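Only one chain is included here, represented as structure tokens and corresponding to the form predicted on its own.
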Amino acid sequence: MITLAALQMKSKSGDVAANLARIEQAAKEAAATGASLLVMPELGLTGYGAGDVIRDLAEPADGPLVTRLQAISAETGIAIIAGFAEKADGTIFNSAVYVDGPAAPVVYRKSNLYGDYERALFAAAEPSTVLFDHRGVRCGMLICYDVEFPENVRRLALAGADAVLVPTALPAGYSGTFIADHMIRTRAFENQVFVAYINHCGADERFTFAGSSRVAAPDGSLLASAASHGEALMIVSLDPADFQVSKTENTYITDLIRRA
């Protein structure tokens, strides 16, 4: 069992220092509640809509930005997942990093880029199964649009994930409302995993965001939700043992494994 904190955040576009300061504040607040893991939105460190400036703000996973996140994690005693622009292999990826104090960071790169805006800035990574153990709970990462492709969540579930953690930058509109209100709970139910889907709020110079961050349980219920506007720090317990009845009744994953 872990206590998860998730910040629906209004990032400052192109202002990494301000966004790091906000993450540090949230880490302190979350740690005070007993949470052991804090999840932030997609590209929360640079701001999602910063445009070409993102290329200048991109850093490798062993650069000063991730090193500072590790220091914040060590100082506050809480692990952090944050979205950043990763410079690697001669290109730039839309990435998320898990840091837990001085331990080696775990990086996931987005494979399904959304729209011309993202495709102009980033390289699409090959689909990958990135898993890590956090305080006894097996976690996987995806980023935003990735979760809308069911095979991505299913791949993590088949690999043994208990929870799928999804920094996102969901725009406001009908489709965004549908994704937040229906798709996230469906992904959790059909894979019998927790899904934490953590969004921006407000607007930057290019996008208006849907807010509506959600944490769904394996039985499809909502454990936490945020409004469509305004920052919100959600605190929720994730205990796979609480949902054994759901896994017994909905045996999608075990039936797939048996058939294989």
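As the structure is a computational prediction, the values presented were derived from the model and not from experiment. In this text, residue numbers run from 1 along the sequence as written.
In what follows, reference is made to the form predicted in complex with a further copy of the same chain, a form of this protein that is not presented.
- Using a 4.5 angstroms threshold between heavy atoms, N250 counts as touching a further copy of the same chain in the predicted complex.
- In the predicted complex, a further copy of the same chain sits within 4.5 Å of a heavy atom belonging to R185.
- Although the partner is absent here, G77 is not a contact residue: none of its heavy atoms lies within 4.5 angstroms of a further copy of the same chain in the predicted complex.
- a further copy of the same chain in the predicted complex is approached by R119, whose closest heavy atom lies within 4.5 angstroms of it.
- Residue S221 is the only one of S221, T208, T33, T67 with a heavy atom lying within 4.5 Å of a further copy of the same chain in the predicted complex.
- No residue of the trio A61, F132 and G136 has any heavy atom within 4.5 Å of a further copy of the same chain in the predicted complex.
- Residues within 4.5 angstroms of a further copy of the same chain in the predicted complex, judged by any non-hydrogen atom, belong to 187-195 and to none of the other stretches in 225-233, 49-57, 35-43, 187-195.
- Along 110-136, a non-hydrogen atom within 4.5 Å of a further copy of the same chain in the predicted complex is carried by S111, N112, L113, Y114, R119, A124, A125, E126, P127, in order along the sequence.
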